[in-house]
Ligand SMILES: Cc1cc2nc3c(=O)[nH]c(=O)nc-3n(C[C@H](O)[C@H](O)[C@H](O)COP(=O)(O)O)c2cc1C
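One chain is shown next in structure tokens, namely the form predicted on its own.
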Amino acid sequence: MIQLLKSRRSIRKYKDKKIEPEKIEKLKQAALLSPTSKSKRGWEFIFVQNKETLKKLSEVKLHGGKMLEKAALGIIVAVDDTDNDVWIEDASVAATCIHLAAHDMGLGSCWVQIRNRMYDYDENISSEKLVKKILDIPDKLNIVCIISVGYSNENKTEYDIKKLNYSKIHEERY
């Protein structure tokens, strides 16, 4: 697991290559196996491979989502916040499981923040509202993020364990 964490990096450039159906199935399993508070399992996932739709999704925010256009897959992580005070955490854990599963299968991925992001601040148009419109997502669901996934077209070095900032670790007390 430590090796997986060391080598996993956010990937924003992708090869023009489809993801095999068996890998997509494993990503679905990773999402559905992710732990949730009180086993609420309030999340929902929309898997998008259509290039036209991915292009539209890449435009729902001004910065930080352009990589979706070239990705082979976008995974929208949405959660029903009804009777769930930790829906953001549940969605974030699921997204992390998806990232790690993707990397474990030789795929690159990147988090595209949607919650609390705006397409247009002056007109008060949220990125979430645009995603919901594009994908016909019901109002009861909150969109936390979109995960872009594909075969990496960039080389990034892994993290160096020797450079970890151990001053961030405290034992017994702060």
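Note that residue numbering begins at 1 and tracks the sequence as displayed. Predicted model only: the values in this text are computed from it and were never measured.
Keep in mind that the form predicted in complex with this ligand is not shown, yet the notes after this line are about it.
Just one listed stretch, out of 61-69, 120-128, 28-36, 46-54, contacts this ligand in the predicted complex at the 4.5 Å heavy atom level, and that stretch is 61-69. The closest heavy atom approach of C110 to this ligand in the predicted complex falls within 4.5 Å. Although the partner is absent from this view, S10 contacts this ligand in the predicted complex, with a non-hydrogen atom inside 4.5 angstroms. Under a 4.5 angstroms non-hydrogen atom cutoff, this ligand in the predicted complex has Y159 among its neighbouring residues.
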